[in-house]
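Presented as structure tokens, the chain that follows is alone, the form predicted alone.
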């Protein structure tokens, strides 16, 4: 135990110690922390659906009909007919043959990547991919080669120089800490030319890019049998859980071999009902996505006008380059004192510390003005 005490002491000395702050309110653009209301610029609830009345009503109906607990995995008796309905809707939404629901984005990546690769395969992974992708690669038996962030020349060089039974390129579509978008058109062409599979983590693209349909739609790329798309319901769709969409053969293989699916209790039916309702909302109402991008463009423009470096952000994730860990904490505390919640992002989450601003469709003009005024007064 002394060892952990010393390790914790070192974290605190290096200003890398983190603490949990729990809400006393629903998720939204305004939240209560410690008895005070804050404008929330830290949520991935991009479309403001986490507390949408239609979704809440559908959840209540599902609880009345199916109860709450699932009691078993999908391969036993844990799923309801709502699970299959959601999978059919996701496949239609992503224009694929089939889809499968997982319990989280982390479980999806750590389950699927080892399931679709073996020791004779090679994975080519962007250096800034999400931790769940990194861990999925570590759990696989395949060799993993890292290519420089969005560097297509580097990817081309290493993919051409390797022979393998199967080559798999893996990338986030929207990088969650930088807000930049992977160059999927070029990556798609590279994979096609080199007969490689393409695995996309569209967690921050689904509901945001391509009129909500995600990154492939954003780049006008049609799904191919050699493309696997994963995404989450827990961000723009305001619910919980994740999914994979692809060809029927790939989905059936994943059902039989992805350990995080096989050995996990199914999500409750009411959670599934929330995801179905969220899909219906974004398919039928484009105004939410339009408002999200209007807010994003305004916030990004105003922040840049103040002289801040927002790095390569192209999406509602807007990082502020801050320099040192000390500066990052100082700016975050300043915002917190002004009633704005935007936590400091520090190593080991990322190498370069930053404030990660996330803009949503439910932020008002006043919310964004408050953020800009507070940033003006940072010392």
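Positions refer to the first chain, counted from 1. This is a predicted model, so every value here is computed, not measured.
If you look for the form predicted in complex with a small molecule, you will not find it shown, but the lines that follow are about it.
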The small molecule in the model of the complex: within 4.5 Å of a heavy atom of each of 106, 109 and 241? yes
Heavy atom within 4.5 Å of the small molecule in the model of the complex, from candidates 229, 269, 176, 140, belongs to 176
Of the residues 264, 144, 234, 190, which one places a heavy atom within 4.5 Å of the small molecule in the model of the complex? 234
Would residue 203 count as touching the small molecule in the model of the complex under a 4.5 Å heavy atom rule? yes
Decide whether residue 172 counts as a contact residue for the small molecule in the model of the complex under a heavy atom distance cut-off of 4.5 Å. yes
Heavy atoms within 4.5 Å of the small molecule in the model of the complex: does residue 295 have any? no
Can you work out whether residue 130 and the small molecule are in contact in the model of the complex, taking contact to mean some heavy atom pair no more than 4.5 Å apart? yes
Just to confirm the contact call: exactly one of 217-225, 270-278, 248-256, 203-211 touches the small molecule in the model of the complex at a 4.5 Å heavy atom cutoff, so which is it? 203-211
